[in-house]
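The chain below stands alone and is given in C-alpha cells; this is the form predicted on its own.
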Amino acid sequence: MPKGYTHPKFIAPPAPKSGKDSTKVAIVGAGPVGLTVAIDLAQRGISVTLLDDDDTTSHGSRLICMSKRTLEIFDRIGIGKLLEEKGVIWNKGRLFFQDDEIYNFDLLPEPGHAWPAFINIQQYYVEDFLVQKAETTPGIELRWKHAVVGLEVHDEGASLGIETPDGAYKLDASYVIACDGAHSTIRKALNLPFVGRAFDDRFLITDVFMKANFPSERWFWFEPPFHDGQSALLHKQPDGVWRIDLQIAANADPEEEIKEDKVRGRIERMLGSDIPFEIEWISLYSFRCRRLEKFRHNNIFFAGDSAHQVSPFGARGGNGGVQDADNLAWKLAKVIKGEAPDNLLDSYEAERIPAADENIKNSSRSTDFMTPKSAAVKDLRDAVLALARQEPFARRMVNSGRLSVPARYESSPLITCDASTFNRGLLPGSAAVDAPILIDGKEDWLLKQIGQNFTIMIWGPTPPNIPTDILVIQIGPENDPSGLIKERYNMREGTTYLFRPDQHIAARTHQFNQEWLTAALARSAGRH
C-alpha cells in the first residue's frame, strides 16, 4: 500500500428498483477527466450522473505531472489549494548523456504567475481531491460499482446498460461523455477504431519509497551507465515516493521484466547500494500515439484516453484529457440551458482534435528520438546530444518529451481573427496568461476573475450597454501595479480582450465598439 495514503472505499448506491432510470448527462469513468467534467458541469448548473465500475481511487502513481494549465483549471473548479499543499512543485529539469549532465532548463523563468510549471502528485490523490469536491457539489450523483456493460443509441440520446452488485438497470441519458480510459466500453460498443501508431518500445514504471536528497527536478538520462545504454527518468512525488521509468528492450519478455527481483536489481544499479528503498508499484507500458477519428458521435462525446493516447513522456495524456473536459463542459452547459445552438458542440472536436494531433506529433517525435530505429539514426541522435553540452542550438533538437503546453485554438470556428494592429500580446485562441491584479485594493490573480461566463477585459473605462451576463474587468495602472497585465496583453487605452468560459481568448481589439463585441460573442457561442 502507498505510504501516507489509504485508499478509500466508496459506498455503492443500490440499483433503481424499477430497473430503469434517466439523467440529462451520464459520465462514464470517475478518473481525473470524468470527475473534472462532472464538477465543471455541475458548477454551471447542469445535473450529472457519474458512473464507475470501481469503488476506490486508482492504484499506482499513473498520471503524476500536473501542468500549469491543468493546475489553473483545477484551481477554477476548486481543488487547486489541495494540490499545492500536497504536491511537489517543480520548474527545472536536467538532461544527462551517459555519465555527464549536458544541460538544464527552467520551464517558468519569469515571475508573476500563480502556479508553477508543474506539480507532481500521484493520481490517486488527484482523484481523491476531486471526489471530495464532487461529493459537496450540488447536482452530481456518484454511482460507484455501477459498471456500464451495454449501449443503445437513439434519437434523444442513448440508453446505457448498467450492472451493479445488487442488480442491473437501464439508464437513459440525453448526453453521454465517455471518460472510461484506453479500454473504453463506450468506444467498443460503437466499434470505433483508433488511428495512429503503436510502437514496440516499452518502459518499466516503478514507484519506490526512499529517503534521498535529490532535488525536486525532472532528471532524464540517455544511455546511462547504470541501465544498459537505454533511457531513464526520475521524478519526485509526495510521501517520499519517487517515480522511476526505465526503457526496456522491445523484444524483452513482459512477464519477466515486472518480476520484483529483476526490477529491484535495475533500481539498485541506478541508485547505488547506499540508498535503501521499497518498491510500491510496478507497471509496464508500450507507446501508443493514436486517436479516434471523431470525438463527437451525435450526443456521445469522448474525452481523455478514451479519445486519444500518447506516451507519458511530456505529460500530455492526462493533462490533455483535463483540457478536453475544460473545453466540453461550458459548451454543453450552454446548449442544455438553451443559450447556444447545438452546433456549438461540434466545436469540441474542431478544437480538441488538433490539440490531440499536436500532442500525438510531439509524443511520436519524442519516442523516435529516445528509441532510434537504426544505427544511422542513433549516431545522429548521439551527435546531437554530444553537441548539446556546449551549443544552445543543439539543445533545441534534444527531445526527451516536449512537455505539455496549453492548446491554442487558432483554426477554431469560434475564434474571431483580428487585424495586424497587435504587434505582440496573446493571440486569439490562446489560453489566458495569469498576472497579479488588485481587486478592491487586495492582491489577487487575473485568472481567478474569469472562467464562469464570457468576460471582457478593457484598458480604460467600462463601455456602456455591455450585456448584463458579461463580466467586465477594467484594467489600469491602479490595479495593475506590476505592469504585467499591460505587458503580457499589449494593452493601451481601449484595448479589449474577450475571454470564453474556459479562459481562452475569443477575440481582441485595440478599439472597442459594440458591433465588435456583438459579433465576437455570437461567433464564440456558435451563432455565426
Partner chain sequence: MAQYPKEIRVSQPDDLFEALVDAHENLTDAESRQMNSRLILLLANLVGDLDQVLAAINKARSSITAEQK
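Positions refer to the first chain, counted from 1. No experiment lies behind these values; they were computed from the predicted model shown.
Below, we turn to the form predicted in complex with its partner chain, even though it does not appear here.
### Task
Identify, from the list F220, W90, F277, F369, the residue with a heavy atom within 4.5 Å of its partner chain in the model of the complex.
Partner contact (heavy atom, 4.5 Å) among the options: F369.
### Query
With its partner chain left out of view, which of V384, I458, V433, L234 would have a heavy atom within 4.5 Å of it in the model of the complex?
Contact residue from the list: V384.
### Query
Going by a heavy atom distance of 4.5 Å, is Q247 a contact of its partner chain in the model of the complex?
No, Q247 sits far enough from its partner chain in the model of the complex that none of its heavy atoms falls within 4.5 Å.
### Task
Would you please decide whether K170 lies within 4.5 angstroms of its partner chain in the model of the complex, comparing each non-hydrogen atom pair?
Contact check for K170: no, nothing within 4.5 Å of its partner chain in the model of the complex.
### Task
Indicate whether its partner chain has at least one heavy atom within 4.5 Å of a heavy atom of A376 in the model of the complex.
Residue-level check for A376: yes, a contact with its partner chain.
### Message
My question is simply whether E163 lines the interface with its partner chain in the model of the complex - judged by any non-hydrogen atom within 4.5 Å.
### Response
Heavy-atom contact with its partner chain at 4.5 Å: absent for E163.
### Query
Heavy atoms within 4.5 Å of its partner chain in the model of the complex: which stretch among 118-126, 327-335, 82-90, 361-369?
It is 361-369 that comes within 4.5 Å of the partner.
### Task
Between 368-403 and its partner chain in the model of the complex, list the residues on our side with a heavy atom within 4.5 Å.
Residues within 4.5 Å: F369, A375, A376, V377, L380, R381, V384, A386, L387, R389, Q390, E391, P392, F393, R396, M397, N399, R402.
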